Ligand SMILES: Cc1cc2nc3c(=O)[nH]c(=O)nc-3n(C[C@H](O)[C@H](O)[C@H](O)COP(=O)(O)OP(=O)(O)OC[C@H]3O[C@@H](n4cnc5c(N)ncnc54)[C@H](O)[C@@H]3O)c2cc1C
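Only one chain is shown below, in structure tokens, and it's the form predicted on its own.
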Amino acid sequence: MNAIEKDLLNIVGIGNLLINEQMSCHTTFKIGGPADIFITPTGYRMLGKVFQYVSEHHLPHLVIGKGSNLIVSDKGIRGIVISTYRMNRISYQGNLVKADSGVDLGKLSLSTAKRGLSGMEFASGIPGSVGGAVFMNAGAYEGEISQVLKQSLILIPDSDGGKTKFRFVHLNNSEHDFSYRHSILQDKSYIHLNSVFELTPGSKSKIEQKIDELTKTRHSKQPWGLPSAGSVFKRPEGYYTGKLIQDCGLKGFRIGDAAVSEKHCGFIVNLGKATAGDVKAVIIHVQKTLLDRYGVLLQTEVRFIGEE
């Protein structure tokens, strides 16, 4: 164990730091090589100390949640990966619910339903965490995080005389700069800690019924049971991505063990031993085919990270 690993272990404690950890264990695609250091902070102040350390030592780092929107390089990630999945507290105050960055969206949706609070039903099947959902303004079935978010607690870096310090700041909804699959977190070096959502009291049975209906719809139309990163492409204005891909005859198109889903062409699935290279090759082929045939350039929702 080198000096950096020892220092970080002293900050986070045994059990919260892994060396050469395979990222395939931490992404929904089940793809990705090793991260040099993988850290799982359990609280805000621990996370703040980690960021203070990596900043002072100019160490490359990446923050992830459930790894549901990531395609990690087969060579892995050089530097430090910080996962927030152990930061997973949920608390209530009336119709307001506060959820940590690492809270599973499905868990949050079910938790709010049990309280008779409506607004998070759309999130019940999104395979991600609260932090990731805020980061990309996740949405489904005409619902988006931006529609229910009241404020977020963010860790923000400030440069003071050449030295970076971190401070806790609250952002209200408008300060997130939300748009389609976008928030200010994508443009700034902000670290999401928690968000408060303002929901609407309603009938518990009707809320749970809506979640059940959306779950059945997802299971009937989406490739559950196979590793994926959810919807791969952003929807181009005026089109439905899955239909465009299907109309090009690309349903089931496969390179290695990465394939366009037979069930929903907006998804790419891992049929067993797909590599990041396989997935990227399928994406490029789909993009080129649609550009040639329809003049539509598909942009990806997923993020490519790691060593090329």
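Remember, predicted model here, so these are calculated numbers, not experimental data. Numbering starts at 1 and runs along the sequence shown.
Here the subject shifts to the form predicted in complex with this ligand, a form of this protein not shown in this document.
- Partner contacts here mean any heavy atom within 4.5 Å of this ligand in the predicted complex, and among 206-214, 110-118, 234-242, 179-187 they occur only in 179-187.
- Checking 270, 68, 40, 261 against this ligand in the predicted complex, a heavy atom within 4.5 Å turns up for just one residue: 68.
- Residue 127 is the only one of 202, 79, 127, 157 with a heavy atom lying within 4.5 Å of this ligand in the predicted complex.
- The shortest heavy atom separation between residue 246 and this ligand in the predicted complex exceeds 4.5 Å.
- In the predicted complex, residue 99 stays away from this ligand, with no heavy atom inside 4.5 Å.
- This ligand is not drawn, but in the predicted complex it has no heavy atom within 4.5 Å of residue 52.
- Within 4.5 Å of any heavy atom of this ligand in the predicted complex lies no heavy atom of residue 274.
- Contacts of stretch 212-239 with this ligand in the predicted complex, defined by any heavy atom lying within 4.5 Å, are made by 218, 222, 224, 228, 229, 230, listed in sequence order.
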